[in-house]
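Read the single chain below, which is given as structure tokens and is the form predicted alone.
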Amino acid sequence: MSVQEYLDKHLLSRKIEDAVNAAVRAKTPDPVLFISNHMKKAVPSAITKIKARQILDSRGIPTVEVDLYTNKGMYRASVPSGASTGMYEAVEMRDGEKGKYLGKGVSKAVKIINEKISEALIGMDPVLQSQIDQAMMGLDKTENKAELGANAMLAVSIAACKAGAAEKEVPLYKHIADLSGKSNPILPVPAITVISGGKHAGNNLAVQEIMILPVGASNFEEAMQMGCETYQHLKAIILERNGSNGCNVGNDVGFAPNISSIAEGLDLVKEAIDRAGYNGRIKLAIDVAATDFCMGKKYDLDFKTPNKSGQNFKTGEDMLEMYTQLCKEYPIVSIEQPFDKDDWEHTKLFTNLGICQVVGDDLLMSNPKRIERAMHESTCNALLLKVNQVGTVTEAIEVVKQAKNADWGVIISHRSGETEDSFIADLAVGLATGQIKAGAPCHGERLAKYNQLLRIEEELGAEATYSGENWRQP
């Protein structure tokens, strides 16, 4: 194609003339810069290049990062990964080469992006998120993303979402709200990890996390102040009682004192809240992650204690009674994965008691079919959304809609292996989920999410709404 043919095809002569006239009308002091920016807006955005690489997550385990280029800029995204993966979630693409990163390398996923996905998406408009995601799903053709890998697809999907927001010249959360049909972005209540256990820490505590929810804050900034102060008071209490070793932290950066019972952990947190002066304004939540210590149909709360493991099994009924008692004694408003991933019976019995939010994690795996079953059977009443279990932004939006249509609570969640990418902060605001789980207020990969939420609240100004007491149904 000759230069003249190119000019004629894209009507560039007309667009240049329009840009010059606009610069004259604006009386701009820098007409060249003005005309350049005007021309950028006049040319439709398109994906021009996608480059993937292997980086490391917060545990030193490889993950995927993508730079997606359009004719207007470069947009970067990286994906997290969990300590354990389930059979019902979308599949990560790992190398399996034991001599490198113990088989956890992602060079295969990187190659798939750079060669296969890139070729399919070049030229597409980044604003059209669902078309981009559908194109990748069309390449994969499997229900669990086994062909391309959920980690490969999600990194590209998030990068495209960021590019789409830039093309529209709106904040990322606003673009996500538009994609979902929402019009009222809401700042979520943070479920802040303060004590870690389970597979995420080296202590004897069976449950994975004890969290605090600053529902009584007037805005997100105050919620973080309340959370940070409580976290620091908890550190001081643990130092007093357990010494410096008790202040070791888990994957989510919650403290990991060598306690063995849930009540011990809750007592520590309750005292920290009292010292901080936030009694009544901060509620508690527990991530039990019971699948990790379910043996057959019984639960071993001493599975991390060598001399006790296997000696004190609890039945589903015992666990049900324990949770009921804990909710009476402590201000617990949410319990995540209280039973095994396939223990639908006891999860339903607990939910039907109506004493707290019952969150499906391993039970649901962010899988639309399992969510549908749980809705039909009234098994739980909240969804923990981990975007890497789904695989694309479009599918994440759809499962949130699915949960909200059933009047469920929705928690946007980080993973134990995180990166500095703050996408889930914008996702929680744009989808108005009312709840976000991003770990402790410590370490860069966790603070990236909380700091982005602080920026969003500042940007929204008087229009900012914090879910607060309406955290389940904002």
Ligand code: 2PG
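Here the structure is a predicted model, which means the values were calculated and not measured. In case it trips you up, residue 1 is the first one in the sequence shown, and so on.
Absent from the display: the form predicted in complex with 2-phosphoglyceric acid. The rest refers to it.
The stretch in contact with 2-phosphoglyceric acid in the predicted bound form, judged by heavy atoms within 4.5 Å, is 202-210, chosen from 202-210, 264-272, 238-246, 392-400. With a 4.5 Å cutoff on heavy atoms, Asp287 counts as touching 2-phosphoglyceric acid in the predicted bound form. 2-phosphoglyceric acid in the predicted bound form comes within 4.5 Å of a heavy atom belonging to Leu384.
In the predicted bound form, Ser413 approaches 2-phosphoglyceric acid with a heavy atom inside 4.5 Å. Contact annotation for Asp361: at least one heavy atom lies within 4.5 Å of 2-phosphoglyceric acid in the predicted bound form.
Comment: 2-phosphoglyceric acid is not present in this chain, but in the predicted bound form one of Glu336, Glu92, Asp343, Asp133 has a heavy atom within 4.5 Å of it, namely Glu336.
Contact with 2-phosphoglyceric acid in the predicted bound form, defined as a heavy atom within 4.5 Å, holds for exactly one of Cys294, Ala83, Leu320, Leu121, namely Ala83.
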